[in-house]
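The form predicted alone is given below as one chain in structure tokens.
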């Protein structure tokens, strides 16, 4: 067991351990899971010279509070929740210090990494918590987090700090057009519906979570074709019977029977994940 580094004082609406996700289990109905915003999670680890997919704490929106149990280096990335430590850079904290996320200002998911990476039970090859499938569990008050290795982070001699390039810090309130590929059922939709999908702004619905993000706007006309359930990838944009798109996210189903108009580019799944309910998004076809 690694060294104890944090105690959970308050988990907020939800806090779990997430890494790069599970590979090779989709055929058994187990979604890949992993960090909702892989871009931010990887940067938190890279700042500390951890492996990019090392386990990190994923925090939902706001309200989480942790107490440091020893001196350590950390990195916080992702959503802005008014953290009391600098974000998108390495920070040195002391035993007894608190790390708090009091109020969400933008984005949805926050990432906390520690030097050496967090330790977590690996189930089906991953430490990622998939609560719906009972693979791991959400943090609760009093839980103690441990460091995976004894590796220590040190800034190079003569370097005062380490920060993420500003170009890598995304504006979660005003995302660029999200890039998509044609989906398997592209041809089941008429030209007018395909044009409408790309021309209008869609609004992220409050009915969004790790399973899927629902979008509201002028509904498309659903295809009347009968479909047999088939494999569904993360980022698949399904059009259910109400004509409003649903984007499959990290903990989403592995098969589905709704037509898939498009597939969100993998790099932009992370960007959509950080869009709070009410944020408007557009899509751009990759030709």
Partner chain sequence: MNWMPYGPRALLFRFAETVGEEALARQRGIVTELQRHPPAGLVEFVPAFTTILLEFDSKVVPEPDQVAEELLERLEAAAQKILPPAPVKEIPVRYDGADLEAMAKAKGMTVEQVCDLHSAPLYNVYMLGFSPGFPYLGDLDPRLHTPRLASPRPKVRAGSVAIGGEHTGIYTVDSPGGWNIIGHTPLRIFDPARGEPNGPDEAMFRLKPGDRVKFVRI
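Numbering follows the first chain given and starts at 1. In this text the structure is predicted, and so the values were computed from the model without any measurement.
Omitted here: the form predicted in complex with its partner chain. The next part is about that form.
Novice: Consider residue 271 of the chain shown here, and say whether it contacts its partner chain in the model of the complex, taking contact as heavy atoms within 4.5 Å.
Specialist: Contact check for residue 271: no, nothing within 4.5 Å of its partner chain in the model of the complex.
Novice: State yes or no: in the model of the complex, is some non-hydrogen atom of residue 42 no more than 4.5 angstroms from a non-hydrogen atom of its partner chain?
Specialist: The answer is no: residue 42 has no heavy atom within 4.5 Å of its partner chain.
Novice: Using heavy atoms and a 4.5 Å limit, would one call residue 111 a contact residue for its partner chain in the model of the complex?
Specialist: Residue 111: no contact with its partner chain in the model of the complex.
Novice: Classify residue 123 as contacting or not contacting its partner chain in the model of the complex by the rule of any non-hydrogen atom within 4.5 angstroms, answering yes or no.
Specialist: The answer is yes: residue 123 has a heavy atom within 4.5 Å of its partner chain.
Novice: Can you tell me which of 24-32, 45-53, 214-222, 65-73 lies within 4.5 Å of its partner chain in the model of the complex, counting heavy atoms only?
Specialist: This holds for exactly one stretch, 24-32.
Novice: Going by heavy atom distances of 4.5 angstroms or less, which of 172, 101, 118, 130 would be at the interface with its partner chain in the model of the complex?
Specialist: None of the others qualify; the residue that does is 130.
Novice: For a quick check, can you give me the residues of 230-256 that have a heavy atom within 4.5 Å of its partner chain in the model of the complex?
Specialist: The stretch touches the partner through 230, 231, 232, 233, 236, 254, 255.
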